[in-house]
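Only one chain comes next, encoded as structure tokens, the form predicted on its own.
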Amino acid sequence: MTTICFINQKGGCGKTSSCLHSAGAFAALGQSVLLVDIDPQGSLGQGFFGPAAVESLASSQTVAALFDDDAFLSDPQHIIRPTGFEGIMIAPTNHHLAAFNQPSPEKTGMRQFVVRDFLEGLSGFDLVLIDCPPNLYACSWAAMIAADYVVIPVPPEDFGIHGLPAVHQAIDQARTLNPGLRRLGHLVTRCDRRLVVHRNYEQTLRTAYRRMVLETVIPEANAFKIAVTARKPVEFFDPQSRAAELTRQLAQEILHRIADRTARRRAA
């Protein structure tokens, strides 16, 4: 089981969308996927079930229960539920998690490891995709402690790129507790290559980070938004669309990078 967290301290950069739609692409490629929503906004679960259903969940039915010392979970796997799509399960969250998303994650004691411990008790999944909140607080920290890889979604614009040094610093700090954590790459999202500014910022990103930028670029496409309105990953909503095609390309590139990293580690 390989765990990937999608992280950036900027909101609206495509973390949730990347998790939701790539889960559909991975499932189409035969992978069994667990989505873990660790953003108190609960958007990932809302993408499947709608806001009302997710916000009505009790804390004990969500990821918040992992962080709550007073919660009793006879089996933490009980927070995992089907999405209605073959190959995709989800551990949802909602506003109950907000109380645990503290701004000094290194001071949260054993809560730093609750996501890691939760995932270590699971089997039957090929991939775990963790959707992080738009900050580098306790929830994002716990995700990095649990993950094998980090993907950093980045819109090709000023605000999207300038916050990256802090993200990389947080990854380096998390590696003190999780030495196996690796950067899988930056993912250019919400890109419109008709715009000169987007092309220039994409080139700036590739010049700065070179191979650490994924080749696949995810555009700002209506198909993604309409698919979410239908409560479906784009792969299941419109598999013939350009958006679905690019998402499958992204999934294949991620799997290829994981395989390449694994082979190099074994050779070493």
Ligand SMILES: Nc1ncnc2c1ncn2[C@@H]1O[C@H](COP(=O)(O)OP(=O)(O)OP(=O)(O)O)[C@@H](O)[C@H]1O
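In this text, residue numbers run from 1 along the sequence as written. Quick caveat: nothing in here was measured; it's all calculated off a predicted structure.
One more form of this protein should be noted, the form predicted in complex with this ligand, which is absent from this view; the next part is about it.
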Which residue among Phe26, Phe48, Phe67, Phe224 has a heavy atom within 4.5 angstroms of this ligand in the predicted bound form?
-> Phe224
Contacting member of Pro134, Pro76, Pro156, Gly87, with respect to this ligand in the predicted bound form [4.5 Å, heavy atom] | Pro134
Hey, in the predicted bound form, is Ile218 touching this ligand, heavy atoms inside 4.5 Å?
-> yes
Is there any non-hydrogen atom of Arg248 lying within 4.5 Å of this ligand in the predicted bound form?
-> no
Looking in the predicted bound form, any heavy atom of Arg111 within 4.5 Å of this ligand?
-> no
Does this ligand come within 4.5 Å of any heavy atom of Cys13 in the predicted bound form?
-> yes
Segment that reaches this ligand in the predicted bound form - one of 37-45, 230-238, 208-216, 51-59, heavy atoms within 4.5 Å = 37-45
